[in-house]
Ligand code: AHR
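What follows is one chain in structure tokens, specifically the form predicted on its own.
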């Protein structure tokens, strides 16, 4: 066999936290309004949520959802979205926001999905007091004007929001209220101090990046208050014309996917905080969002130049097996770092670059949705030792025509509660099968779940919703080795059934 793997099911690397399969929604274009929340639609429930979207998300059971941003949050004031709503101009995305979807609606969404709400606070134009007031509104039973405002709004019981993030990408010049490293460390410290005085049980994260100077200053000043450190990752930026990477170019992005994780792990270790502070990769996607002329220094006045182009995010032909293969490789990376990365949030959940495309008459499940379905519902809770004894490599060209050498195969082994194995196997090669031999002591029958389409460029759309789908194959084990042939450009889970 050209690829051989050895799995030691008795050597546990760590336990996955299902929060690594988390999701993210932001007030951008059609993600929330006319996406997950559409009171005017005949397909929506009594609370205004699209029932078909809720059903699809329940199947992939996100353990946590992050909201309201994203860049949006850095000029968002939470009181505008509770009680009597205020219609305002959103300075991040330069559109009118009626605030009909606010804190109470977000918590209700999370209740429908049986998941944890994760609120990102305004650290751009907001203040430490405003952030702590938001905690009061959500978590205090009845003390103070903010808890009483929640009760007046029809929510007698506290929302009990356990996870909070201070800020979004406040290190970036594109963010409203960008900060220097020193300014950020001070604001996070004072905000965290007030928020935890309101509710000492909350878990706090703060916006960061894989930068030594930024993180050292943040941890030195605010580290005692933090439970998480937040990083983001987008790889394929679309430029001015929504030019997405080809399949081959997307493969190049799978090399060294854990670079940022390793840097942050090193900083946490060097500061002695690895045991207390975990990593939240709370925004990630292969593709960066398409919003030309939005965050430039000189923004245009013509809406046709900055709002209309955002519709291109909803072009389903852009979401192919490239997105599925990359996403599976990234989730494999998170599983390999399961002791440090305990949360991750795919950005976004619906519409835009999301897992689910929502239209007037129904939904389309994109290739990436099926990756989450497989990983959440088929893999086990324990990540166990997997050693690649032999592996093929291939050479691809990245988006800038540079040669990149990558492994054809990406694999992670997990153990289920009944002691059987479930192994994630990604064949990155576009036109070649991958022959894989895996030691399989103790299990004689297996089922191979394969996500694929006819070509690497296959995608699901309104008129062909199942061009990319999951197929199942029964496999008999010969002795102590199970042998499988993985289709080109495919995402697979090999699961023992006997």
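For clarity, every value in this text was computed on a predicted model and none was experimentally measured. Residue numbers count along the first chain shown, from 1.
As for the form predicted together with the named molecule, it is not shown, yet the points below apply to it.
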Partner-facing stretch of 454-462, 427-435, 38-46, 65-73, counted where any non-hydrogen atom is within 4.5 angstroms of the named molecule in the model of the complex
65-73
The named molecule: the contacting residue among 318, 291, 342, 94 in the model of the complex [heavy atom, 4.5 Å]
291
Contact residue in the model of the complex, chosen from 236, 169, 248, 136 - any heavy atom within 4.5 Å of the named molecule
169
At the 4.5 Å heavy atom threshold, is residue 283 in contact with the named molecule in the model of the complex?
yes
Applying a 4.5 Å heavy atom distance criterion, does residue 310 contact the named molecule in the model of the complex?
no
With the cut-off set at 4.5 Å between non-hydrogen atoms, does residue 174 touch the named molecule in the model of the complex?
yes
Contact test in the model of the complex: residue 232 vs the named molecule, heavy atoms, 4.5 Å:
yes
